[in-house]
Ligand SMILES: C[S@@+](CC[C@H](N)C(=O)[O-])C[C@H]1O[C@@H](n2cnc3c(N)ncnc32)[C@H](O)[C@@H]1O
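Quick setup: one chain, the form predicted alone, written in structure tokens, and binding and motion questions come after.
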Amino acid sequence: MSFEEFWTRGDIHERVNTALKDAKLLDKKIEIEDLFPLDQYHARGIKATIDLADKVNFKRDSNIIDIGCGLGGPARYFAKKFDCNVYGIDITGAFIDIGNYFNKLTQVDHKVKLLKGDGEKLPYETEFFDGGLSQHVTMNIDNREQFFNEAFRVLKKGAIFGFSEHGLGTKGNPIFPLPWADSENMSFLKTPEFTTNLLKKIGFENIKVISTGEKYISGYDTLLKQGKPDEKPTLGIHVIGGETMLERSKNSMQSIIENRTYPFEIICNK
């Protein structure tokens, strides 16, 4: 299964359009907040994006990169919160198409630009960005050093880089399938210590690691309760993740509980 097939799970465009229609969002002016249940494609949803945003201090009119931007939900939030320009890049073409469509619907396309591309080969000039972020992307990155080297290259000296990931826990061997991988062939988990040492080697400074495991257990618990037939919302990450999203989310929660995985955030500077 290709990355595109894994993330889209069939006709994602049809599922999204149906969800927007059922939520009565196609016949009115919508704000970015209206899309939060759909475009914040991670277990804790907008809460995870807000937590990350509260730990960085991006300046107004600055240029920010979102590596692995998905549908662009976090990019739109950051652009509005900081009144900055966000350049998102993601390897899944369907996500970029839908994300740019959402940008137009919410009238932020002048502030948020999404592009299909590879986080290990960023198509941007050296030291172009004033800050960067990445949410739950590195679990799918085998060549972690190349990924972080590229992030380092495109950031200006002193720029803040904040990201979140599910790391490898003390017990290891997570329970598959997971939200980011159906098998170990797509999952490349590393311990926080490995990631910290790699960032230091590349040249990042002021590295802070924040454990988010308990928050994610709570987030998954809420998500699984919403997944019951009589409680399933019109908009939710099940629209993006398809029929197996609940099973994969349950496995992810159990992997955290059993210390197989270790979710964390890192805030650092170039």
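The first residue of the shown sequence is 1; numbering continues from there. Just so it is clear, the structure is predicted and the values come from calculations on it, not from any experiment.
What comes next is about the form predicted together with this ligand, which does not appear here.
Using a 4.5 Å heavy atom cut-off, which residue among 119, 177, 162, 169 comes into contact with this ligand in the predicted bound form?
Exactly one listed residue reaches within 4.5 Å, namely 119.
Can we say 92, 136 and 141 each have a non-hydrogen atom within 4.5 Å of this ligand in the predicted bound form?
Contact check passed for all of 92, 136 and 141.
Counting any heavy atom within 4.5 Å as contact, can you tell me which stretch out of 189-197, 69-77, 149-157, 100-108 lines this ligand in the predicted bound form?
The contacting stretch here is 69-77.
Is residue 41 part of the interface with this ligand in the predicted bound form - any heavy atom within 4.5 Å?
Yes, residue 41 sits close enough to this ligand in the predicted bound form that at least one of its heavy atoms falls within 4.5 Å.
Verify the contact flag for residue 264: yes if a non-hydrogen atom of it lies within 4.5 Å of a non-hydrogen atom of this ligand in the predicted bound form, no if not.
No, no contact at 4.5 Å.
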